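In structure tokens, the next block holds one chain alone, the form predicted alone.
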């Protein structure tokens, strides 16, 4: 299980680093079969997903990860659940978020089949 947690941690650190620097560069992580649900709105396929992510109305974002859980999935995939806080642009008050990924192996790497993102208010 430690290998699974290490893979999940590496993926999440990479994903949020790329998200922060240039969301267009997340494109290789998605496929035409990929699905993103962002705040309840569905987006299918790499172009729609990247279109949504690049249209988000902020310039800078920092993800502070509070928890990360990983489980093995079908066909050697990985389910990853992340909770944490976002610092957006110049705001000083963080917003809580949760995000789940289903990662599918492809050679020596993984791609995102499912991505579910929610802000947590309250």
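Numbering follows the first chain given and starts at 1. In this text, all values refer to a predicted model and were calculated from it rather than measured experimentally.
Beyond the structure shown, there is the form predicted in complex with another copy of the chain, which is absent from this document and is the topic of what follows.
- The single contact residue among 29, 79, 50, 86, judged by any heavy atom lying within 4.5 Å of another copy of the chain in the predicted complex, is 79.
- A heavy atom within 4.5 Å of another copy of the chain in the predicted complex is found for one listed residue only; from 75, 55, 93, 90, this is 75.
- The closest heavy atom approach of residue 7 to another copy of the chain in the predicted complex falls outside 4.5 Å.
- Among heavy atoms of residue 59, none comes within 4.5 Å of another copy of the chain in the predicted complex.
- Within this chain, residue 45 is remote from the site of another copy of the chain in the predicted complex, having no heavy atom within 4.5 Å.
- Using a 4.5 angstroms limit between non-hydrogen atoms, residue 12 is distant from another copy of the chain in the predicted complex.
- With contact defined as any non-hydrogen atom lying within 4.5 angstroms of another copy of the chain in the predicted complex, the contacting residues in 91 to 109 are 96, 98, 99, 100, 102, 104, given in sequence order.
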